[in-house]
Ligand code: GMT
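Encoded as structure tokens, the following chain is the form predicted alone, with no partner shown.
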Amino acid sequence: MSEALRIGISCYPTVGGSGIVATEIGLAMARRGHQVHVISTDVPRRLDRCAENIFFHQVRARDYPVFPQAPYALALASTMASVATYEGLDVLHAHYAVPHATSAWMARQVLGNGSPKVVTTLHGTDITLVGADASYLPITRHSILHSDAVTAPSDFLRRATYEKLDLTPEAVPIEVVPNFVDTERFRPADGSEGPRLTALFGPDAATTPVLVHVSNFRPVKRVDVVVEVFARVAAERPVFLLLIGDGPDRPRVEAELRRHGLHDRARLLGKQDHFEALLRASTAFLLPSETESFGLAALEALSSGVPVVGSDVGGVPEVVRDGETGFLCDPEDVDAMAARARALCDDPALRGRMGEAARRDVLARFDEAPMVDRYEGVYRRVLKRR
């Protein structure tokens, strides 16, 4: 049996994909017998602190009058250095380039010889938005260059990193390790989900299709377009809308539902830790994002046997097989999205075929164990270089 590792994982504790993936990696490593130390401002939403071999270390960024704002990156670096010292970390796995990889680099400067290796996993906006911003580009580039290994969840993000940060594969080899999904947790419907929908929508839920969307309601997710697609489908047939998540665009979404007169046919559930039954009971998942480096929410839908109707952007085509497990459209073509969603609502046989194909594809390409094997392989390779 391979030697157990001591792994530090740093991520945002939000409902976004980076925090979810980081947490799932940590839990999987802990189940394998490794000791995992999660370093964040708060407990990530999917972290089970009762799990064996998992430990949480809170980052506290103190706000003093001399600081224009609390220096989170410095507090994170200091916490990383302390945890690495007292827990004897072998690896620091930073999720998101700035500030997590930057803080990991600073922690290593503090620790000197014998400091843990740094593995950086890029997630999307840390490159396409933050990293590409001239204010942050030098430090983002430096943090990636000084990581011992770098991974990305899609080939799209790998290529974008080289292009936007003016890097080369020779200078920074980036390994594509796709995101994965718990295929037992996110599994197809078994017939027991009906009461959940009935409780939300009433007796008509048994015979009425349900469109669903899960996100952090940021502008890039274009939840207003989700409402527009829903409105166009609802103009021609009975349909319900289920919105799971919360964020800055929620008030705008609520206003759009009222404007269309559809607020009584939609349910906004806010942040939910356990929404799997509602997801697998839905007819189609809507993902009209402006950009996606991977599309973890879409992957969870596919694993649940729910076809995806989404934007043909970024890394989404690496997850959704157009015409087989879902439909991909030009992000500006709302009519096409509505037509595809309507087709899935009108044709149960089509929805069934696509749902079954989606589940098979996820089991073949995105199951947890092979991806965790690859992350563990990355850890052991960088440690051999010591």
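Please read all numbers here as calculations on a predicted model, not as lab measurements. Throughout, we count residues from 1 along the sequence that is shown.
The form predicted in complex with this ligand exists for this protein as well; it is not shown, and the discussion that follows is about that form.
Though the partner is left out of this view, residue 296 does reach within 4.5 Å of this ligand in the predicted bound form, counting heavy atoms only.
Contact annotation: residue 220 falls within 4.5 Å of this ligand in the predicted bound form, judged by heavy atom distances.
Interface residue remark: residue 216 is counted as part of the site for this ligand in the predicted bound form, having a heavy atom within 4.5 Å.
With a 4.5 Å cutoff on heavy atoms, residue 304 does not count as touching this ligand in the predicted bound form; it lies far away. Comment: 118-126 is the region of 271-279, 118-126, 83-91, 69-77 lying near this ligand in the predicted bound form, near meaning a non-hydrogen atom within 4.5 Å.
With the partner omitted from this view, the residue of 183, 283, 208, 291 that lies near this ligand in the predicted bound form is 291 [heavy atom within 4.5 Å].
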